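Here's a solo chain for you in structure tokens, the form predicted on its own.
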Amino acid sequence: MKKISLIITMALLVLLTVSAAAQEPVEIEFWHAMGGYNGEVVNDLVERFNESQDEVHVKSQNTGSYNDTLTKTQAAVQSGSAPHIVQIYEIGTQVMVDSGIIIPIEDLGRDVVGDNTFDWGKFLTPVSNYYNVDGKLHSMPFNSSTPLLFYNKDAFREVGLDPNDPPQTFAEMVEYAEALTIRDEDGSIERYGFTLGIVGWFVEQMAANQDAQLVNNNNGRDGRATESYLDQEAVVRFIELWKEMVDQGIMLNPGRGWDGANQAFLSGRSAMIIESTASVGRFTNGLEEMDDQLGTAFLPRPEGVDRGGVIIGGASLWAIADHPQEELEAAWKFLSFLSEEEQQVDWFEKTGYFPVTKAAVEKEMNTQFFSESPNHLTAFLQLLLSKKAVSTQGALIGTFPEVRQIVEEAVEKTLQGDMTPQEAMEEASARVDRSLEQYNSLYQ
């Protein structure tokens, strides 16, 4: 009798163990490059997902900068320890497509998981277009932004400029910056009219705003890019404007990166700046602390040149292949969750990055968010009114991170007086051509 009782007890224990194991959620890893406050918002979204159901548990990890995250992902794949979902910046798109380590997001949802209910038309077209390669969405849009012209309305009023009539052309940028620049009795500059960090992204955007492409083959969309257009008119005349304003002492050159220019604008050292739309909230609060009011405007362009528009910046989420079916299904559940209206609205209102779905934008319209935050509306209008073209779809370049460094070095040489804008861009273009040739040779 005791023996039978022992057998029954052991059988029950086995059944309980199997049952408990069956109830354990599938665990997946999510790597991202969001630090600081934005990282906290990401973690909140992950926690919300984990608490909303008991089938999947997402472990999120900040893996450093965008560059760091891309490098670590490539190394993790080689070592067999890759995450399931990874956030990669927009200029890593060609590398990720070429890598062979990903499942295109449409393939994951339609074929691997068999989700026939997901609405692939839910995304804003200017956003999804960037990550659409060869007619297929390869990654899930996530944190998207574009550049805006920001300005201090009180500084405009101070010098007699209309705070509701910001500059729209290159010539007006010079005119306004001259009026906004303040010098003391000794001629030292107390406030510059304009500032801009030496960041390659701005050069790309100002070319697109003139409806110009960065590389051949329709910006690398119809075939691999083999030739740079950095030495052509659109880029050169923007660099010429940049140098002209710095040389005139009406534009502060804070050097490479974003921080110097941001600090200058937030401290009142500069009256205008071009920055990411994700900075709307931070700049609004920063100027309010000085009892000043923030204004925003579309990017300026040369007079007589038709507006192209802006290109989506930021990053998207990629699904990594070579994971078990149940883990891929779990990854899809999390990705789908992030695309839902509630999460998109929350992400937008807390970070300033665009909601990437039409439903989220409509929700914000209906709740009067944009009427209460007109600077956010400026960002949306500039994006939605951008021309639908390969210039604004963004370039596919396998060596994009290197290209940005080359561009930034060329701008530095120009501002230092070592080269003319044309010379610097011709040299940069030749360097980019060589990098494209080397990269493309790997896939021939």
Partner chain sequence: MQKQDFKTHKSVPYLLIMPSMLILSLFLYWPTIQSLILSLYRNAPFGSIKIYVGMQNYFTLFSDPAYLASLIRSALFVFITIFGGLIVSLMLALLVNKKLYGIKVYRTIFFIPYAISPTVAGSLWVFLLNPVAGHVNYILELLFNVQVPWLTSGVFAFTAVIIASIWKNMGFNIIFFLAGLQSIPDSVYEAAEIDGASSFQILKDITIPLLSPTTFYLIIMNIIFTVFQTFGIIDIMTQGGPADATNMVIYKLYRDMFINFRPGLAAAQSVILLGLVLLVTFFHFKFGSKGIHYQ
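Please read these numbers as outputs of a predicted model, since none were measured by experiment. Residue numbers count along the first chain shown, from 1.
Just so you know, the form predicted together with its partner chain exists too; it's not on screen, but the next bit is about it.
- Interface residue among 67, 62, 50, 43 relative to its partner chain in the predicted bound form, by the heavy atom within 4.5 Å criterion: 67.
- 74 is the sole member of 74, 373, 168, 232 with a non-hydrogen atom within 4.5 Å of its partner chain in the predicted bound form.
- Figure note: of the listed segments 337 to 345, 259 to 267, 130 to 138, 201 to 209, the one touching its partner chain in the predicted bound form, with heavy atoms no more than 4.5 Å away, is 259 to 267.
- When contacts are judged by a 4.5 Å heavy atom cut-off, residue 96 counts as touching its partner chain in the predicted bound form.
- In the predicted bound form, its partner chain sits within 4.5 Å of a heavy atom belonging to residue 101.
- Residue 39 falls outside the set of residues with a heavy atom inside 4.5 Å of its partner chain in the predicted bound form.
- Its partner chain in the predicted bound form comes within 4.5 Å of a heavy atom belonging to residue 255.
- Using a 4.5 Å cut-off to its partner chain in the predicted bound form, not one of 125, 276 and 293 places a heavy atom inside that distance.
- Contacts between 171 to 194 and its partner chain, taken as any heavy atom within 4.5 Å in the predicted bound form, involve 186, 188.
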